[in-house]
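This document opens with one chain alone, in structure tokens, the form predicted alone.
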């Protein structure tokens, strides 16, 4: 669920500038009026299965809404939406992407505005995650995952990853390297958006033997086998892998945790907007949010889905509560294209 967002923001905005806005007739599109088929553009794997288990079948099917999943990597799905943006009716209703990608799609004028008349459950969204163009489906803090067997003193800060004791033992998710860069910028610059200023830190990690993984799922075997000892991943992933039998713990950086948010939005040329808004509303239902918390370890983004029992204990954040920091979307969008090019060159040179 965390592949590097491509095509670039540059290409999205270029297409947006060259396309005329498509007029849509006004309509009252309340969730309770929805019916028919809704096409959901989503990641595959566990995420897609949990959408079916927690949203599609229990919440939408009884209302006469059939969900068709269009699964694939985020870059491929975004590229498809861009290619269809000139059409009066596209083939997708709802698109699920990382929050920074949702920001770029909004900047390109591709997303429907949201309000409580269309998505009533918006009133329960935590203000930290609220936007006028997408819903925050689930979130998780970025933490330092480590092997408790080999790391006796838990890391306390991002700067620990560049210390001598972890040389050659740091894991980086290639498809999420920019989140590592943001963590470095937060620590070194005091501003997570200043990622261009921490290229030297990232170079140090790579040149000192940090392992890069093209698949998120490869990180856990790296910890288990001893290939790596530490690395930045989502707290939800640590919980998920630990539940699956991998000995792994999470340390929360003292400077704060970047917060990953999985977003959902309605495309402006969605063929069934009423059903699309109903989908977003269902995704913000407490039962759906608790289901993802239990199965995948992601925290609810709404105020009325308090966790209980074992799930609450497993997902509990340490006291005092860590500082959760959303990605600085405008700053990130402005430099990401150049950073992507630089990162590819860095990996090719090592």
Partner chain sequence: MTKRRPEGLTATLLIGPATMVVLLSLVLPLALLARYSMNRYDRRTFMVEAFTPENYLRFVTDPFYTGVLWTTFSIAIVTTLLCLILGFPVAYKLARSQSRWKSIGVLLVILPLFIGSTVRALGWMGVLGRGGIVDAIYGALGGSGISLLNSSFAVALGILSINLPYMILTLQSVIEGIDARVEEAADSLGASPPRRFWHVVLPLALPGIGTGGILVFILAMNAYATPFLLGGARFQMMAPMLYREFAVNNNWPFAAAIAFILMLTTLTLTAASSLLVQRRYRAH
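Numbering follows the first chain given and starts at 1. Computed from a prediction, not measured in an experiment: that's the story for all the values here.
A second form of this protein, the form predicted in complex with its partner chain, is not displayed here; the remarks below concern that form.
Its partner chain is not drawn, but in the predicted complex it has no heavy atom within 4.5 Å of residue 255. Although the partner is absent here, residue 85 lies within 4.5 Å of its partner chain in the predicted complex, judged by heavy atoms. Residue contact with its partner chain in the predicted complex: residue 93 places no heavy atom within 4.5 Å of it. Proximity of residue 107 to its partner chain in the predicted complex: non-hydrogen atoms within 4.5 Å are present.
Candidate site formed by 75, 214 and 344: every one of these residues places a non-hydrogen atom within 4.5 angstroms of its partner chain in the predicted complex. Heavy atoms within 4.5 Å of its partner chain in the predicted complex are found in exactly one of 182-190, 237-245, 130-138, 75-83, that being 75-83. In terms of contact with its partner chain in the predicted complex, the residue from 198, 261, 267, 210 that brings a heavy atom within 4.5 Å is 210.
Applying a 4.5 Å heavy atom cutoff to its partner chain in the predicted complex picks out no residue from 234-252.
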